[in-house]
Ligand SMILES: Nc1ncnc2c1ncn2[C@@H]1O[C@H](COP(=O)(O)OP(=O)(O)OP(=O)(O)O)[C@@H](O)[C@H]1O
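Only one chain comes next, encoded as structure tokens, the form predicted alone.
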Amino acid sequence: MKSITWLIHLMLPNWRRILLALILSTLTITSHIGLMATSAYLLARAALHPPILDLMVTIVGVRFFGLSRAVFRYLERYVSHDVTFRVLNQIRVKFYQGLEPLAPARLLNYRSGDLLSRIVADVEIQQNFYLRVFAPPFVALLVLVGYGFFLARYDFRFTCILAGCFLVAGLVIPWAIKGLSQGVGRQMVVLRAELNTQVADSLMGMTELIAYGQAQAHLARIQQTGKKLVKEQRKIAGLAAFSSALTGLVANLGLWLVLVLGILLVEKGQLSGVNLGMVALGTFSSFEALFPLALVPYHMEQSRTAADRLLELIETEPAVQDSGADSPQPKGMDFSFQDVSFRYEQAEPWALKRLTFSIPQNGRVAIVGQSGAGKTSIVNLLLRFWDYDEGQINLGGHSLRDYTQDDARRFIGVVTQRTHLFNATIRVNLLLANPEGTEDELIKASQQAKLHDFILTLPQGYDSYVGEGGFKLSGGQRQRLAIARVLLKNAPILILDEAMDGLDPLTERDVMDEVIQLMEGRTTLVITHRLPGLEKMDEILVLDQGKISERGKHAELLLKKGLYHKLWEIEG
């Protein structure tokens, strides 16, 4: 019930609107009762052929209740949906606030389609919590109390019949439907999430599926999941129809019981004949409040399952947490690793083992090594995506942990080997690094990355769309755009993590020359497996299985005939 408590807690700030919506919903059903009751009374009185003036009040009553029902229904829908949308907005904000600190460390085991399903489908499901779980029982109770008092004015036994039928339709039928629909709500949430995930995976991997002839096999899996979901939807649709029929049966039973009792009272002279139809039809129309109750258990199970999926992420502890204190003022833009050890999971081997090195302000250091040597782990630690297990990392004379994550990242500009480009214009993707960047700064950064001339060949220039993930650009163009973006940020520390990956040799040489110029006045860390251009580095560290196996300048390392020399020979 933790998730239900969480949802109720989100609703509490809107208690005034919720109360107003409940009152309006009750007034809507009351108007329906009034319309049916006054109509029955009008027909009964008219059958006695009284003077028309004697019926005027009743006629006005029929018109009033007919109009007020429409007005109250509109206002009730408006206010209740306003409450619902406000709560959904709070849930979305809470979810994103909980999700953002988890990236990327805590999200590696989640599929992107599943995350999308949570933030879209699981949030949307919560609209049922107020509209179909929370409000209907309260409205039914208010109608029972209000109309029950009205019936008691004629005979208390009418109230007892109403209460008994409300008990059966409002408690017994929902209890029976709950037993029949047990697990359906949870299963539908799970299947819908799985279907969304499979569709998202197929869209992102469509090229590979077609290239390897697996499109039909993947489509068959989607269809299988879809069939399971449809099966559950049919089941709940059948139960909805069954519950509606049962509630209608109870409503008609209540109508007949009131009629039988009313006829007996009329015969005894204890009830006016013209009031019989009014009491009977009023009772029948009051059951409008009970029809939504049968599926309350199903909607509650569905909301609880979806809320549990949201809370699973919201309550996950981030891999890195800020201390809460203000970040210190760095004394410079140097940083150092001192006996740093790190691994991604406790059961996994060390990615870095007692790593020690330092880069002075404006220094240039390259780290090379084979895939899996731990190069990218260094970047992850500097950006505070993960926290190290042992040792110390200092930045500007202070521990890296003393800085907030945002402040630490503000000092660093990084180009990774898998830079994400949004499905937006080139301009928007560039300004991500510096939203306040001017047009001149934008063009200068693009020129330095050897991208400007290509952009000018596009029909819309900097306002051209790059497609999902930069799909409309070649691998080299995507990488140059990423380099231009980090140039635009103009951070004092520059990290190039396989930044030349995807560039042809000629372009790589040109871009490297520009990057070398960019290094002037910046502390630079170059992480690469490509060795050309490293002759200008102050120091080169050779990483092997998380440890530094060699260090020195380019010429020195070649003379040692070690791992660096082997890598150089492989490069040709």
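One-based numbering along the sequence shown. The structure presented is a predicted model; accordingly, all values stated were derived computationally and were not measured.
The same protein also exists as the form predicted in complex with the ligand; that form is not shown, yet it is the one meant from here on.
A.B. asks: Taking the ligand in the predicted bound form as the reference, which of Gly374, Pro297, Pro292, Gly470 has a non-hydrogen atom within 4.5 Å?
C.D. replies: Comparing distances to the ligand in the predicted bound form, the residue within 4.5 Å is Gly374.
A.B. asks: Given that the ligand is left out here, which of Val139, Leu487, Ala351, Leu430 has a heavy atom within 4.5 Å of it in the predicted bound form?
C.D. replies: When the ligand is considered in the predicted bound form, the option within 4.5 Å is Ala351.
A.B. asks: Based on heavy atom distances of at most 4.5 Å to the ligand in the predicted bound form, which listed stretch, 220-228, 275-283, 442-450, 343-351, is the contact stretch?
C.D. replies: Every other range fails; the passing one is 343-351.
A.B. asks: Can you check whether Arg45 is within 4.5 Å of the ligand in the predicted bound form, heavy atom basis?
C.D. replies: Judged by the heavy-atom cut-off of 4.5 Å, Arg45 is well away from the ligand in the predicted bound form.
A.B. asks: Does Trp386 reach the ligand in the predicted bound form if we count a contact as any heavy atom within 4.5 Å?
C.D. replies: Close contact exists here: in the predicted bound form, Trp386 approaches the ligand to within 4.5 Å, heavy atoms only.
A.B. asks: May I ask you to state whether Glu76 is within 4.5 Å of the ligand in the predicted bound form, using heavy atom distances?
C.D. replies: No - in the predicted bound form, heavy atoms of Glu76 and the ligand never come within 4.5 Å of each other.
A.B. asks: Report yes if any heavy atom of His529 sits within 4.5 Å of a heavy atom of the ligand in the predicted bound form; otherwise report no.
C.D. replies: Contact check for His529: yes, within 4.5 Å of the ligand in the predicted bound form.
A.B. asks: Do any residues of 108-146 have a non-hydrogen atom within 4.5 angstroms of the ligand in the predicted bound form? If so, which ones, in sequence order?
C.D. replies: Just Leu108.
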